[in-house]
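In the block that follows, a single chain appears as structure tokens, in the form predicted alone.
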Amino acid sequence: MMQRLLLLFLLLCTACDLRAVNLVAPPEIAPAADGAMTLRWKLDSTAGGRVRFGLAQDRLDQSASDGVGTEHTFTLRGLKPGTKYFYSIGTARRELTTGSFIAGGDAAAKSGPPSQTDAPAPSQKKSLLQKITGLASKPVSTPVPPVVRDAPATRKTWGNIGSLPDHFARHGADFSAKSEDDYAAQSWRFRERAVAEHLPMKLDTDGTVRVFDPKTRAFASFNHDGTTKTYFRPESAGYWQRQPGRAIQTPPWISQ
């Protein structure tokens, strides 16, 4: 009898864990202070919230999560005004919808095929139409982001291939990396963006180059030849200030 009760309990837990969680309505997107954007959405049952965003639909390299609930709100900071960003929102386990917005704008454009949960309620159609029409009537000057080429093979970008599995296991989630190769490719793109955007850099006496992005809090260190040593988001606010090395403008792999 006890075994049957235990089995029934496990089946009920599994059924609850597999329940479908859906959006009650399309997400709300609104500008916040200092060029930030706020995303809000409501679920039909409690679950953790998660948002991923970035400059390309296939490269959502920034993410944030919150606790369990039906209503979720995220304020995305450090955005470039007038720049188009892509996003996906949902639960900690499941993507529910995708879209895009212009930083500093007041409307979102759907980039994925609409599902039943994405369809606006009748009372919301007029409001959404007004937002989209308002955005179309206001010309937006969108700066062209630096061109970042496709990453070369991992064996060419990661300095010590033997260390990659450990770094990916510990830090891959910082950038929602799907695999070791994806993690290595993102670190290489960060290196390219650091040079294009003149991010803070330090050169250590052993040739190590350390780079930090104050907006996204991404940190990486590279060998003298530009191959990656590590890539993560430090938790300590003063981590960058404690890093050794002298400030530089051009890394050695560019000046060679």
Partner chain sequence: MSYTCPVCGFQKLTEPPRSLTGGGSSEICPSCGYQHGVDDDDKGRSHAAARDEWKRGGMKWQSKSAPPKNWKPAEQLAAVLPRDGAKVIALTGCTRGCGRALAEFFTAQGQVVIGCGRSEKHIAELRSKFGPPHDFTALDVADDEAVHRWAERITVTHGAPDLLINNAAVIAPNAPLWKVPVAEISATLNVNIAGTVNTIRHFVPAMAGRGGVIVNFSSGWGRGTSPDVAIYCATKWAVEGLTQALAQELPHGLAAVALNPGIIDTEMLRSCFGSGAVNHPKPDEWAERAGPFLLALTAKDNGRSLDVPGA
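Residue numbers count along the first chain shown, from 1. Just so it is clear, the structure is predicted and the values come from calculations on it, not from any experiment.
There is another form of this protein, the form predicted in complex with the partner chain, and it is not shown here; the text below is about that form.
None of 81-89, 95-103, 166-174, 68-76 except one has non-hydrogen atoms within 4.5 angstroms of the partner chain in the predicted complex; the exception is 166-174. For the options Arg193, Arg59, His224, Lys229, the residue carrying a heavy atom within 4.5 angstroms of the partner chain in the predicted complex is Lys229. Among heavy atoms of Gln243, some come within 4.5 Å of the partner chain in the predicted complex. Among heavy atoms of Asp44, none comes within 4.5 Å of the partner chain in the predicted complex. Heavy atoms of Arg50 never reach within 4.5 Å of the partner chain in the predicted complex, leaving it off the interface. For Asn160, a non-hydrogen atom is located within 4.5 Å of the partner chain in the predicted complex, even though that partner is not displayed. In the predicted complex, not one residue of 172-200 has a heavy atom within 4.5 Å of the partner chain.
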